[in-house]
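One chain is shown next in structure tokens, namely the form predicted on its own.
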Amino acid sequence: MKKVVKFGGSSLADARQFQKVKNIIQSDPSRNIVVVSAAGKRFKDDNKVTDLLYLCHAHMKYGVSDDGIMKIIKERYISIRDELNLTLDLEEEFNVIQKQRSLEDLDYLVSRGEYLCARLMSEYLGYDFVDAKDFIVFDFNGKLNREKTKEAFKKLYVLHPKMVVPGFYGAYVNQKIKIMSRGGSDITGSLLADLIDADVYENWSDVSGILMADPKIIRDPKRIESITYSELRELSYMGANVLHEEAIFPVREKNIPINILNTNDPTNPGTMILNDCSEWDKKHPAHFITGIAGKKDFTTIIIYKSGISAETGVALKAFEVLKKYGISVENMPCGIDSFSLIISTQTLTNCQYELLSDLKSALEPESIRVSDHLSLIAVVGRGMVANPGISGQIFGELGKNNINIQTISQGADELNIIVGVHNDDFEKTIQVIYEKFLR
């Protein structure tokens, strides 16, 4: 059995959390490759180290001293080292950071949170420290170079069968540090799982798997026991933030399962993410609805023109206008004499009137109507395809509760149903669907 294990910032916030991580690692001899994030929040009003490092760079940009912030970061890591009786020369590490950081090199400075966590964790576990910059290779266009990454890691893996790797960054071919987008440690773990053909990629955080709905809206929502990559992408796109979206692709290609686990509750089985859940479902039958997620604040642009559905190239013309303004469409309901463009309201803030003018010129419609304050809610489930009439049941239940549905769409694979409601009905809609079908 080969496992890659990644620990998020909350799992590394202080010495006590480091101890929990060590207990988890030592409880399973197959956990030989460990990826760590930077130290996260210790309590609600605390700061993540990565946020503090970004703040340091902002101070540099405006010529303001960041000595106080760097002192806070330094004290965080020194307290972890001293409480665990480690020997890492953090004073010298911070001297190096002070000398090498520059206004032009944001990536180097921001990556030091993960770097220092990995140095401490490697000493604490007795594993080798392997710097991500020495094998995760990016071309100068910012794209991951898979071949060079694979080649570099293969050499390192022979020398370091037990390793701790900092997440969130790699390096260009000239060894200059390149960070990933926020949450990039998930990607690092996924890449490593791919590189060693892992049996499982364990992603440890402060949640016991993925929940069926937002706990801010639903009291004590159930845990999703298993979910497909496709279902997860649908839920993630609609706002369910558990795993970095790009972390799915390297493991999906090889059907490597991802297990979402809780450092603070290590006996909880969490959620298993699989490419195909059919075998799992035989032992653990899934509910026909896997989860519910949604987002607020969309704008609907409704374009009316007699016979527009028979007019060739209308959609293409509309998308060319949207492309001009760098705007993507979330949904596009169509009728015989009309179609709608559902767009994030925020993206229209500075260009709505110009966009509407260009749409009128390109499409020559009879009228265009704009409607704001729309929410989109996705009901996702691989079991819906085998349960006829789910859409009707959902719509009927919303009708009973006086919720007006403004838009409806369903994917061709029948994996999800998306309903559009007024922002004022957002929470109520999720509550009604959950209480009826999942409670």
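Just so you know, these numbers come straight off a predicted model, no measurement behind them. Residue indices: 1-based, along the sequence shown.
We do not show the form predicted together with a small molecule, though everything after this point is about it.
- With a 4.5 Å cutoff on heavy atoms, Lys222 does not count as touching the small molecule in the predicted bound form; it lies far away.
- Remark: Phe298 does not count among the residues lining the small molecule in the predicted bound form, judged by a heavy atom distance of 4.5 Å or less.
- For Thr50, a non-hydrogen atom is located within 4.5 Å of the small molecule in the predicted bound form, even though that partner is not displayed.
- The small molecule in the predicted bound form is approached by Phe168, whose closest heavy atom lies within 4.5 angstroms of it.
- Against the small molecule in the predicted bound form, the set Glu330, Leu376 and Gly420 makes no contact: no member has a heavy atom within 4.5 Å.
- The partner is not drawn, yet in the predicted bound form one stretch among 302 to 310, 332 to 340, 176 to 184, 197 to 205 has residues with heavy atoms inside 4.5 Å of the small molecule: 176 to 184.
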